[in-house]
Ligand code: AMP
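Okay, here we've got a single chain as structure tokens, the form predicted on its own, with questions on binding and movement later.
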């Protein structure tokens, strides 16, 4: 069966077509600037050159039609017709407490996704547009939704409740939800598969580090705590997000910087993090270059990021009563050896000792499942590339085969 994985944004659609017998990507690509001047499609069939089509794209329905046309095109397509697509798996950011796993889409599911839109106003409406566009063009093809929040629905109340009045939770569902769940679940299960260990016996700390970053405590294959919260703003210092702050800072800054509430939320999400601290960039490659030139703020931003990450690793080891492995993944986690090194430095008391020469071998580590801890380390340290699209495809396939 071929599974089409769709990740729809407000003005974009990313896709992969995966053949599930061999779990092989046979084509992938994306559409940018939907409804905006300069829209285009990039399409890359496996084993062939990438093609770029620049054309006005009015809406998500036209975008999905273009994706299907590219997949079935006689020159650069990979299938003969849409009938060869067995199901479509859609990434949806927020499922609130409705969903603890992927589900086949029906009218009830669509209504629940819409109900969650106030919790993820930038993401859920876009996902709905992608789902409805696919339903319109592929009416007989099963649709499945896989939620970023679903994996974290196993967190106990003592982990997901805030110190607010219980009414805030009961009436408005204010609680920690967590995100990046598909990635955390994938790398945790991949570690168990690689090592031949039973995931039910493992205590893992997974570190999804990118422009948006989060850490997850995975005990026995289940998420028991995670750093992101009610929104993706909580937790680690990130590319442009502040991460954890004293809530009293919000009204203080509103007064001092003459911002309204919307402007303050935008500030915390887009003007803070390592970008705000460094004054240089949210790209860690730029930060390391600036740090190497002696720019102190860049060095401090990197130190703050790694220090916060180290604290989460230590606290989650305490929460689980131990840790068997620390796993790094996503853009920074997979590619930045110094972030990995700085973040575990000083954790020898936990038994976590990184093999520095091996960790620095970029070409050996990048894109591979690699053990980075020394032989005498009692805690495994691994770099495992995430593959959220494959995870979505597998969950979709399991529901539709």
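Numbering follows the first chain given and starts at 1. What you see is a predicted model; the values in this text were computed from it and never measured.
There is another form of this protein, the form predicted in complex with the ligand, and it is not shown here; the text below is about that form.
Peer 1: Could you check which residue among 282, 153, 315, 269 gets a heavy atom within 4.5 Å of the ligand in the predicted complex?
Peer 2: Contact residue from the list: 282.
Peer 1: Pick from 210, 142, 229, 221: which residue has any heavy atom within 4.5 angstroms of the ligand in the predicted complex?
Peer 2: Of the listed residues, the single hit is 210.
Peer 1: Is there a heavy atom of residue 331 no more than 4.5 Å from a heavy atom of the ligand in the predicted complex?
Peer 2: Because a heavy atom of residue 331 falls inside 4.5 Å of the ligand in the predicted complex, the answer is yes.
Peer 1: Does any heavy atom of residue 61 come within 4.5 Å of a heavy atom of the ligand in the predicted complex?
Peer 2: Residue 61: no, not in contact with the ligand in the predicted complex.
Peer 1: Can you tell me whether residue 364 touches the ligand? I mean in the predicted complex, with a 4.5 angstroms heavy atom cut-off.
Peer 2: The answer is yes: residue 364 has a heavy atom within 4.5 Å of the ligand.
Peer 1: Please check if residue 40 has a heavy atom lying within 4.5 Å of any heavy atom of the ligand in the predicted complex.
Peer 2: Answer no; every heavy atom of residue 40 is more than 4.5 Å from the ligand in the predicted complex.
Peer 1: Counting only heavy atoms and a 4.5 Å cutoff, which of 335-343, 31-39, 46-54, 372-380 contacts the ligand in the predicted complex?
Peer 2: One stretch meets the cut-off, namely 335-343.
Peer 1: Though the partner is not shown here, which residues of 134-157 have a heavy atom within 4.5 Å of the ligand in the predicted complex?
Peer 2: Contacts from 134-157: none.
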